[in-house]
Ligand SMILES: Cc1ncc(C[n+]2csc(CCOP(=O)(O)OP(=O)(O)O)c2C)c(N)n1
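Let's start with one chain on its own, the form predicted on its own, as structure tokens.
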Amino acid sequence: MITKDEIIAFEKEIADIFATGVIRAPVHLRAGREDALIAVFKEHQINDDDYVFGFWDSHELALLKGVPRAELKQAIIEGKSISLCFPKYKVLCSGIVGSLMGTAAGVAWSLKNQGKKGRVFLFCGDMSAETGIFHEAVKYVHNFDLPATFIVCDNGVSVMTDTRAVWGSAEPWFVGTKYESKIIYFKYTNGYPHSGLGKLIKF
């Protein structure tokens, strides 16, 4: 499995490339959650049979799932950073909030009902976990005992808005509910801005 240092180095390389104006599309970089993500992949033994769904911040997920570094880098340079899709490696991502949650539940349903190998792991942010489609997908997966797990990566903000202020609660809605059995939750502080580098990049 790829190491923490390799993940950090990759994001730094992409940040440096983005700063030159070569990448003519949004890029969402992440730092500070490497240990937590590696732990999820190791503890759940995520392998070739499993599907990984993510959103606009999925460079790390692609690397951990086995997408070759060079292939991932090229996709990002081509402007696909927020919508990385590598069907060969069962990595599917989207830049649209909540867009893949129902899809993830559907893939889990199909795997179970067709008796196929594999599980589904969907990674999202703390504010995305507050959406209605997240609740519906988790409820469906829980009630039908489907092979899917939702991983909520909580950095405390939605872009620049304090998530707790929006929730009106110190904890996410699912804490203490039966749905926690289908959810992995961790907090982290992102070392990068929500998008880009926090400064104007001229193309």
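Note that residue numbering begins at 1 and tracks the sequence as displayed. All values reported here derive from a predicted model rather than from experimental measurement.
Separately, the form predicted in complex with the ligand exists; it is not shown, and the next lines address it.
A.B. asks: Should the three residues Ile23, Lys80 and Tyr192 be counted as contacting the ligand in the model of the complex, with contact defined as a heavy atom within 4.5 Å for each?
C.D. replies: No residue of the spot touches the ligand in the model of the complex.
A.B. asks: Among 36 to 44, 56 to 64, 136 to 144, 169 to 177, which stretch has residues whose heavy atoms lie within 4.5 Å of the ligand in the model of the complex?
C.D. replies: That would be 56 to 64.
A.B. asks: Looking at Phe10, Phe18, Tyr185, Tyr188, which is the one with a non-hydrogen atom within 4.5 Å of the ligand in the model of the complex?
C.D. replies: Among Phe10, Phe18, Tyr185, Tyr188, a heavy atom within 4.5 Å of the ligand in the model of the complex occurs only for Tyr188.
A.B. asks: Is Ile76 close enough to the ligand in the model of the complex to count, meaning some heavy atom within 4.5 Å?
C.D. replies: Close contact is absent here: in the model of the complex, Ile76 is far from the ligand, nothing within 4.5 Å, heavy atoms only.
A.B. asks: Though only this chain appears here, would Val159 touch the ligand in the model of the complex if you measure heavy atom gaps against 4.5 Å?
C.D. replies: Yes, Val159 is a contact residue.
A.B. asks: In the model of the complex, does Val97 come within 4.5 Å of the ligand, counting heavy atoms only?
C.D. replies: Looking in the model of the complex, residue contacts with the ligand include Val97, since a heavy atom lies within 4.5 Å.
A.B. asks: Heavy atom to heavy atom, is Leu92 within 4.5 Å of the ligand in the model of the complex?
C.D. replies: Result no; Leu92 lies far from the ligand in the model of the complex.
A.B. asks: Heavy atom within 4.5 Å of the ligand in the model of the complex: which residues of 1 to 34 meet that condition, in order?
C.D. replies: The one in contact is Arg30.
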